[in-house]
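Next up: a single chain in structure tokens, the form predicted alone.
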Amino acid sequence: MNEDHPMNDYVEGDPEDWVRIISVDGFTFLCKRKVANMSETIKNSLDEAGGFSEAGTRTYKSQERGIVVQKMIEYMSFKAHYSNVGPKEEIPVNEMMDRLPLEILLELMLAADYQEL
């Protein structure tokens, strides 16, 4: 199923609030723009002022495998969720760390560095 379907078929609410991230091995992820903007690289690619084609299609093509993209999106969701937490609130960092498979940790760190996470 490699057909490119409009995002309007899959999302609720305003389609402008959603972006599509495609891994190098063909997995497609839909996530909120607020979550995707946690990555400076993705944010800059999707910014219409930058003139990149990704901005028009709201689709970012990652050079990472699907499992790495999935974990990056999980982290970006975690970061977006806790971005407005006050200094006295406890952030459950260990909960996020427990969800990272050791087999992909190095690959994930390199991808996070490239994505400016």
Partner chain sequence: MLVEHEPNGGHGNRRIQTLVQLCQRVAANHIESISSVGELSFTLVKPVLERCSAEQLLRIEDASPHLKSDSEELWRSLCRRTYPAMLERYDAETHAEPDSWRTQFFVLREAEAKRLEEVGLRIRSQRLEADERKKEREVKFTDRLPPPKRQRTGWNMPTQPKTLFQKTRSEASKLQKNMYHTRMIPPMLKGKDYRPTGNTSSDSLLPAMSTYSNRVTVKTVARRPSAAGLSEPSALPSKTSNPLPSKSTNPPSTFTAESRSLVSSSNGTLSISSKDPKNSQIPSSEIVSSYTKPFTVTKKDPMASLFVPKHRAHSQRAR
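Residue numbers count along the first chain shown, from 1. On a predicted model such as this, the values are computed, not experimentally measured, just so you know.
One more form of this protein, predicted together with the partner chain, exists but is not displayed; see below.
Using the partner position in the predicted bound form, report whether Thr28 sits within 4.5 Å of the partner chain, counting heavy atoms only. No - in the predicted bound form, heavy atoms of Thr28 and the partner chain never come within 4.5 Å of each other.
Report yes if any heavy atom of Ile42 sits within 4.5 Å of a heavy atom of the partner chain in the predicted bound form; otherwise report no. Close contact is absent here: in the predicted bound form, Ile42 is far from the partner chain, nothing within 4.5 Å, heavy atoms only.
Contact test in the predicted bound form: Gln63 vs the partner chain, heavy atoms, 4.5 Å: Contact with the partner chain, no.
Mark Thr57 yes when one of its heavy atoms lies within 4.5 Å of a heavy atom of the partner chain in the predicted bound form, and no otherwise. Judged by the heavy-atom cut-off of 4.5 Å, Thr57 is well away from the partner chain in the predicted bound form.
Whether Asp17, Val24 and Leu46 jointly form a contact site for the partner chain in the predicted bound form is the question; each needs a heavy atom within 4.5 Å. Heavy-atom distance to the partner chain in the predicted bound form: none of the three under 4.5 Å.
Can you tell me which bits of 77 to 94 touch the partner chain in the predicted bound form, meaning any heavy atom within 4.5 Å? Heavy-atom contacts to the partner chain in the predicted bound form: Phe78, Lys79, Tyr82, Ser83, Asn84, Val85, Gly86, Pro87, Glu89, Ile91, Val93, Asn94.
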